[in-house]
Ligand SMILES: Cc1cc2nc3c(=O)[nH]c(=O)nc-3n(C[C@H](O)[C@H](O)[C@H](O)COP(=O)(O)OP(=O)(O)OC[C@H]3O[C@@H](n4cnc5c(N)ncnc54)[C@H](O)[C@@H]3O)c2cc1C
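One chain comes next, on its own, written as structure tokens: the form predicted alone.
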Amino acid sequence: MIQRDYLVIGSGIGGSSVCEGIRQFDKKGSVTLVGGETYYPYKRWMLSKQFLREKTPALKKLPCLEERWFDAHKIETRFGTVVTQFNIDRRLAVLGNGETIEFKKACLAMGSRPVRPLVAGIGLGNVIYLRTIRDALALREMAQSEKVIVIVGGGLLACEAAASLRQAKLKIAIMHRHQSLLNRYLDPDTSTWVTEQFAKKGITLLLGSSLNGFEGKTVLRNIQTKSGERVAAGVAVVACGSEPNLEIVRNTPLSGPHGSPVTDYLETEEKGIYAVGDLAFYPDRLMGGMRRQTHWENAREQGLIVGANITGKKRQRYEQIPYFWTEMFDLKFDFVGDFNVPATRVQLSGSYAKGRFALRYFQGEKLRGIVLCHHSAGEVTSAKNELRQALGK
């Protein structure tokens, strides 16, 4: 049996950041990082952006930690394998290759997986879920021979992928059940304006169209809507949200309906077991309530904090203003704050026409979110400070 001081399950940015944090405070403790992909941790957010639109895939730009870093810091990596069993009481993890690791402390960093709509034809060839390097490479290859690519969804990933593929001079359509894009995050006026920008770039918009199924014998030929319309498509990119990967801890206290419940130290109720990134359902000390975020910046920051906390050498709470960003065509948005509840009042400064503006979202008299379009990193920092002050924190 293999014995380790620390076991990190999941080799995305959250898991790799945990390893960084551990080594900052514990130079000698034994660490094993387990991940299902064969690649070293990489910048997943690039897959829907530069990776799709550049002529040559930017594989060299993707890694966030190189193999030599893990070697230099004496961290054992087990890539291309998964944890199939996780015994909380005995502190044991069984890997897909049959090996068993006995650990003292562990961190769950398995991330999330794409939601697969419950419709016919979901397993047809040329129906893609953009989650991994393999997915992105397959999409690039398919795009070379197919005339029409349909993106199913209207959120961040869907819009980023559509914009990148269109910039690669491909014929793109977006099928979205709502009447405007990014409607989950933006107010109706701004969402409508963004939708108009996509139309001006030559993207076909199939709005108000709910997916009913994919048609074809072995590969995709048509996409059917619930209204009975059939849309010809050679490739479909399904971007209908994500859900946390919690199978190995299902039916345990480490799994809940909204993720893995943790304290503000990102520790589960099982002492010595932590969760980060897409899994962590944590108390938001600044915005209030409980929150689960699925963005790269969040996973990065949480991983570093858990790396410190899990060693016992430093204890710190996770206390960050929620933040994420996106880019599509010539638009760059930064989102600061809480966008889970629609605003009751929106304050616009700047102008849509010039493509540089700021939006402040209020619920009652309380400022809850700030959206910046084409602003600098310094201005983003100022927005975070402004929101923190408005919250009285």
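Numbering starts at 1 and follows the sequence shown. Since we're looking at a predicted model, the values are computed, not measured.
Omitted here: the form predicted together with the named molecule. The next part is about that form.
Stretch 28-36 is the answer when you ask which of 28-36, 55-63, 349-357, 362-370 has residues with heavy atoms within 4.5 Å of the named molecule in the predicted bound form. When the named molecule is considered in the predicted bound form, only one residue from Arg131, Arg140, Arg291, Arg177 comes within 4.5 Å through any heavy atom, namely Arg131. Contact between Ala109 and the named molecule in the predicted bound form is found at the 4.5 Å heavy atom cutoff.
Mapping the unseen interface onto this chain, Leu157 counts among the residues with a heavy atom inside 4.5 Å of the named molecule in the predicted bound form.
In the predicted bound form, Val82 approaches the named molecule with a heavy atom inside 4.5 Å.
Although the partner is absent from this view, Arg91 stays clear of the named molecule in the predicted bound form, with no non-hydrogen atom inside 4.5 angstroms. Contacts to the named molecule in the predicted bound form (heavy atom within 4.5 Å) from stretch 1-34: Ile9, Gly10, Ser11, Gly12, Ile13, Gly14, Gly15, Val34.
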